[in-house]
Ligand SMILES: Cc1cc2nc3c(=O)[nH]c(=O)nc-3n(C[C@H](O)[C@H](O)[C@H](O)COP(=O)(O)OP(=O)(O)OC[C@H]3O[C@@H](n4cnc5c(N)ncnc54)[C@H](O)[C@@H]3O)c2cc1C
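Below you will find one chain, with nothing else, as structure tokens; this is the form predicted alone, and questions on how it binds or moves follow later.
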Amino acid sequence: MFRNKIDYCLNCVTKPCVKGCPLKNDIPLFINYSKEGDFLKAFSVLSETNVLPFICGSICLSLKLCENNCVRKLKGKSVEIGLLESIIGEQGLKKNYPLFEKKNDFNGKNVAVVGGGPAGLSCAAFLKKLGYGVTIYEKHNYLGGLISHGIPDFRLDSDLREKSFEKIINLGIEVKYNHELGKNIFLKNLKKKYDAVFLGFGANVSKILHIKGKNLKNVYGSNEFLESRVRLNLREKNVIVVGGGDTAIDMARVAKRFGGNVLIIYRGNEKEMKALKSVVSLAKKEEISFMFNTNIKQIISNENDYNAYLCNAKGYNFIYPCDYVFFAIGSKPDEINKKLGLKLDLNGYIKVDKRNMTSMRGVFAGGNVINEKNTVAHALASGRNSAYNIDLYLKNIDNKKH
């Protein structure tokens, strides 16, 4: 089956799939090496631009990105690029292929990376490749950010996920866990200690509708709930998930596995949902219910009994008894951004120039914290590009000294 899938690629000279990839992976080249049976070379091609190929191939929105640009799609089905990338990525982990063919020797300069999510891990790996000493400061006792606490284990193999992170750390990167910006580490101190700083701690505060009942005990932001890794006993409990993106579907499927009777309500119709059709289909197969063209107006509690007041597009109001409500309608930046002394945009995201440098010289930022598109692929690309920009910045400083 794998043979048929790689042979299906036409190895286009114009490489339209690469144009649709945020990471600009050389897709035809890695597939061509796969055709030749040289999986080491295929893995190396992927790693030149993407240090988490297994993870990215497994969860990336490839149908909307590289596969959407595939020439094959014009007359049928596109090449399953995401699947092929995950297979080669898994092979690289199991065979312990090197992440980079060559790595520069230590150049005497050190960079701090704040945040061990996809942007931070990518930046750290490419900085290490370029010869820098790198220390990651992570607020949790584990790496991965939303890859770890936002992607359920039923969507991503946890062992291979951890091996993916280990491969990066084993490049010689130091990690300081349980270090949170603004609490036990501070930007001004990092700036004094390191030659440059990269901020990649995301923007994962859940948006919650300003409605009556939003602060009740059993009302959660999906991001915070998934990040907490709390397991609830939802057996025979009615659960509402508000939203229509991939996080809403993930939250609903997690709640279903906790035993809940789960209803997803979405303000638009099914075609307008941002979630992939394939994951919506999986949710339906798991007997998760959907209510479209519907909004939640308020949540009322009477001791331990909760009721959600819903309203559909036709103006009909009705009550739905519920025990828990989870909001998955998007995310926003953390309040810590306002305390860093950096310029922010109107929505509270950190402003950067074309080099990904913030308003503070020597401090760079990437990923969701700068309002980059909310995909793992975009975060990985942002972190990688920041690493190269940090390298140019520090080399330019050296040139001026000489």
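Numbers follow the displayed sequence, beginning with 1. Quantities reported herein were computed from a predicted structural model and do not represent experimental measurements.
The form predicted in complex with this ligand is left out here; the points below concern that form.
Here the marked residues N107, D195 and G362 all miss this ligand in the model of the complex; none has a heavy atom within 4.5 angstroms. Comment: this ligand is not present in this chain, but in the model of the complex one of K103, K332, H179, K167 has a heavy atom within 4.5 Å of it, namely H179. Taking G202, G260, G92, G244 one by one, only a single residue has any non-hydrogen atom within 4.5 Å of this ligand in the model of the complex, and it is G202. A residue is said to contact a partner when one of its heavy atoms sits within 4.5 Å of a partner heavy atom; V51 fails this definition for this ligand in the model of the complex, lying far away. Proximity of C123 to this ligand in the model of the complex falls outside the 4.5 Å heavy atom cutoff.
Contact check for V111: every heavy atom lies farther than 4.5 Å from this ligand in the model of the complex. Taking non-hydrogen atoms only, V376 approaches this ligand to within 4.5 angstroms in the model of the complex.
Only one segment in the set 354 to 362, 341 to 349, 368 to 376, 31 to 39 has any non-hydrogen atom within 4.5 angstroms of this ligand in the model of the complex, and it is 368 to 376.
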